[in-house]
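Shown below, as structure tokens, is a lone chain in the form predicted alone; questions about how it binds or moves come after it.
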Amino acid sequence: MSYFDLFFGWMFNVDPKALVLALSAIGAGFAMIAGIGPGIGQGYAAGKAAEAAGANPEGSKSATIVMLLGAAVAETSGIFSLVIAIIMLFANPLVSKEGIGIVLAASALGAGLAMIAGIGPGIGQGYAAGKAAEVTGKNPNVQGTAIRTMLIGQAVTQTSGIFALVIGLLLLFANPFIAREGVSIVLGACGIGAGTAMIAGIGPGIGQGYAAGKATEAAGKRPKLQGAILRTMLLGQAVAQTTGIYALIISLLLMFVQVF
């Protein structure tokens, strides 16, 4: 008998509740990997604000205000991941669900993996915040224009993080595998695959944030062209999100369609 057979034989015979709790703990740890993004993004924003304050002390207050606002938004993916991790540790609905332990446990792991996507939005939103702080520090009169452009761009940048959050919540609270028929190990693999697919959201998050940052910089320099700049930014961000949407489709197919 191979180690593979021994391992899965053990998983099928262990207490289902213990298995769910064990993989939920690992899933909670995976979810917090998303904190990499906000840490990098907020650090970039703070650095740009400090640079702007040094270059133009008169604009330091405006740069700091914009930086703090943008950094607060950049923290959202970290908060999403923290919420999922806390749910899995203290209010895990899968623990009390009736079903095959390996399937429920794999779903918990998938929920944690999905939240890793938050790395992208955290970096992207922080970049946008940094560019907004930079342009505002140079010219405090464009603070309103910079903030509006930054917030719109940051909102779109967060879409891949929201997609991941939706998948994570579905796996925890509306788990489709409980009512599905099929080989338990295949269903469990689908749960892990559904979460893993969402990691693709890192790319769109960073790309959309770059577009938001450059648009904010441009709007700060040419406030009268803000409308045209916003349209171009939103069009580019929509295109950048396509791979995140592909990942979402695959994740939903794995969860709700009998593909195997």
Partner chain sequence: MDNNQIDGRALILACSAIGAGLAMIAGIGPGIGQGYAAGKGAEAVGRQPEAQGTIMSTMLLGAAVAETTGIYGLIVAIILLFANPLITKYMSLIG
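Numbering follows the first chain given and starts at 1. All of these numbers come straight from a predicted model, not from anything done at the bench.
Just so it is clear, the following notes concern the form predicted in complex with the partner chain, a form of the same protein that is not shown.
Between the options A49, A219, A212, A194, the residue in contact with the partner chain in the predicted bound form by a heavy atom within 4.5 angstroms is A49. None of I147, I178, L82, I185 but one reaches within 4.5 angstroms of the partner chain in the predicted bound form through a heavy atom, and that residue is L82.
Using a 4.5 angstroms threshold between heavy atoms, A22 counts as touching the partner chain in the predicted bound form. Although the partner is absent from this view, P57 contacts the partner chain in the predicted bound form, with a non-hydrogen atom inside 4.5 angstroms. The partner chain is not drawn, but in the predicted bound form it has no heavy atom within 4.5 Å of G227. When contacts are judged by a 4.5 Å heavy atom cut-off, M67 counts as touching the partner chain in the predicted bound form.
Exactly one of the stretches 149 to 157, 67 to 75, 186 to 194, 168 to 176 approaches the partner chain in the predicted bound form with heavy atoms within 4.5 Å, and it is 67 to 75. Within 4.5 angstroms of the partner chain in the predicted bound form, the stretch 29 to 61 places a non-hydrogen atom from each of G29, F30, M32, I33, G35, I36, P38, G39, I40, Q42, G43, Y44, A46, G47, K48, A49, A50, E51, A53, G54, A55, P57, S60, taken in sequence order.
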